[in-house]
Every structure is written in structure tokens, then in C-alpha cells.
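Below you'll find only one chain, the form predicted alone, shown as C-alpha cells.
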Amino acid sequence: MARRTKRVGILTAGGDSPGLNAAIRGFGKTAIGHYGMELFGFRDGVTGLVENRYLALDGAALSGILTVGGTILGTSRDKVHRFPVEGGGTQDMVPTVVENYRALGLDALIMLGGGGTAKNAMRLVDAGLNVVHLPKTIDNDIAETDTTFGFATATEIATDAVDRVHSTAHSHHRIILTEIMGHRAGWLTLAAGIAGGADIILIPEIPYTVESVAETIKARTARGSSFSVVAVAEGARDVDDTADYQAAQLLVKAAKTPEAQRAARTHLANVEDQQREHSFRLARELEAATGLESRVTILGYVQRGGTPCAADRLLATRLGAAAADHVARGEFGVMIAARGEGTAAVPLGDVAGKVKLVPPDHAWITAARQVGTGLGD
């Protein structure tokens, strides 16, 4: 009796990131061309999975997408267990996803995304589905992998921005704060700040004080430098704001009832909103403390747009190809992690709900301090 062709679904979820299409292509070409599988792409991430919107992917559909930014499948940030429904509110759609998966006769589902996608993937694994996760995010904050596709491209873009503001800062004798993405982790800001020669780097893992930042700038002025470039993560906070944010997080963790959880999450959201424009507040405080004009440049979505760099194309391709190998062997419930020049299959339970932060003794931190970069502490 002939063995049935394996049928696999694939989707991209969360924020778009350079390398998503390269990963789709890497998996698809290996799955179809090397293993003879059938491949179906779900539209708009989890939304398409819930609404059963998909298309068949073949060699022609995968041709020419290696260098294309974004994702040919579309994406969303919806959650399988709290899916928005008409009229307001949310509903657990895991049973619907299971039904759609089985109706299509899928043998596996490949989910490309960041931390939120890893948690969605874990919920589907717990529901009995065969899932493989590929780590995507420009923040590089997914646990158990050396790096994520999207990070290298975003680092190049952010580094170029830091490079470019130097000339304006120097010409106008200003402090220029360049706000770089990174809500929870400072990998991108740290990398771009070091590579771009920023004078001060502020990341979420190291709470800063305005006094420390101002002293670094004043010391530069005393040495004859009439400008400073500050690379600041969107999630960086001063010591007081960090204490407020951590207290709000603890309330969420301590909440036991649904009502208490909703109230705690609302409070956390309010704290985050109040701290959202911290770069502008810091600019005003530094201007008052140093007497130098201060300006803010927010890079925003430009950091994750456009053509992926060669490093991200290579990483996404090899992770995608490795994922097809695991599907062919029947190995599921894992994330395909980058390990050196190779890969490793990590149980999703070791990844979902965890964040890879910058350790205080990381080599990049040490190098920044040794070359005289201020870190605000």
C-alpha cells in the first residue's frame, strides 16, 4: 500500500520581520522538492487558521520570494485562546483550529513567529496537534536560540541610522536620542549602539538615571566634544519607572481571579502608556541638565521593513530546511533553534512564555564599557 503524501500547513504570525519569506521558501522547497510533501499556507497568521483561509503552495509560489521583505502569507497578532469575536470580547478558538487542521488532513503545522507565536504553538501542541515553531523577531529575545531571523537586518538598519545622526549631532552641537525597537530586551539597541559608535546606550535590562546620563555628556563636553548620540531602546526606563513597571508586573502575576487579572492587566497597560514617550521626556531632562539642545529620532517600523540581509536569508533558509527534516522524521512540539552554524530542536515547553534578556555580564556589555560607552547606570 502506497504511503500517503504528508500534508503540512504553514503560517506567519506577530510583527512582520525580514526573512519570513526566506524561511517559508526554505521550508517549502525542502518539504516539496526533497520530501515530496504537500504545503498549504494559512492567510494572516492565526486569523487564517481560525477562519480556515488557506492556499496551496507549490514551487511557482515560492519562486522569487527569497529577497522579498514582509510575508507573502500576511500576518496578525491574534491569540488562539483569546480570539476577538464580533460584538466584542474574545473566545477560545483552539477547538476550531483543531477541527480545521483535521478537516484539511494536515500532518503538521509550521508556525513562524516570536514569543507570542511560541505560546500559541504550545497551546496547539497541548491540544494534540503536531507543531514546529521557527524563531522570528528583530528583538532577538526568544529563549534557547542563539539568534532569530530578522535581527541581523534590523541591526544593519538601526546601525545605519545611528551612523547618520552623528553628522547632525556634530554640526548642531546637539544631543540626539535615537529610539530603537526593543520593548522587553535591549539586544537590538545594544548591537546597533556599539556598531554605530553611540556615546550612550540605554536598554531595558539596565535602569538608568538622568544624572548618570548627563554626567557622561558633561564629561564629553569637558574633553572637547560638543555633541552626544544616545541609542535608547523603546523599553528603556529610568530607575523610578522601572520600579513602577516591575510592581505592575508583579500584580499581574499575583492576580488569582479573572476580575483581578483584568484589573491588573489594565493597570499594567496604563503604566506602559504613561511611560511610552520616555525618550522625549529624557531629551527635555538632558537639555535642562547639560544646556545642549536635544532632539529625538524614532526609527519605528522602518527597522523591520524591506529586503532581508544575506545573514538573515541564510539563517531563515537553514532553519526552514531543518524544520522540514524534523517533519519528515515525525518530530514535533519543538522550536528549531540556531546553534552555532547548526540547528537544534528545543521542546516548546522550554521556550513558550520565556524571554531572552541581555545578561549584565554579556560580552557586548563588557565591550561597550571598555570603549567608554555610557550605559546610564
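Nothing here was measured: the structure is a model prediction, and the numbers come from that model. Start at 1 with the first residue shown and count on from there.
Keep in mind the form predicted together with 6-O-phosphono-beta-D-fructofuranose (F6P) is missing from the figure; the text below concerns it.
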For this session: Check each of Val97, Met181, Leu282, Ile176 and return the one that places a heavy atom within 4.5 angstroms of 6-O-phosphono-beta-D-fructofuranose (F6P) in the predicted bound form.
Result: Met181
Exercise. Ok, Lys218, Arg295, His166, Arg77: which has a heavy atom sitting within 4.5 Å of 6-O-phosphono-beta-D-fructofuranose (F6P) in the predicted bound form?
Worked result: Arg77
Exercise. Does 6-O-phosphono-beta-D-fructofuranose (F6P) come within 4.5 Å of a heavy atom in each of Leu190, His362 and Trp364 in the predicted bound form?
Worked result: no
For this session: Would you mind picking out the stretch of 192-200, 136-144, 251-259, 220-228 that comes within 4.5 angstroms of 6-O-phosphono-beta-D-fructofuranose (F6P) in the predicted bound form, counting non-hydrogen atoms?
Result: 136-144
Exercise. Heavy atoms within 4.5 Å of 6-O-phosphono-beta-D-fructofuranose (F6P) in the predicted bound form: does Glu234 have any?
Worked result: yes
Seminar exercise, completed: Checked 291-317 against 6-O-phosphono-beta-D-fructofuranose (F6P) in the predicted bound form; residues with a heavy atom within 4.5 Å, sequence order, are Tyr301, Arg304
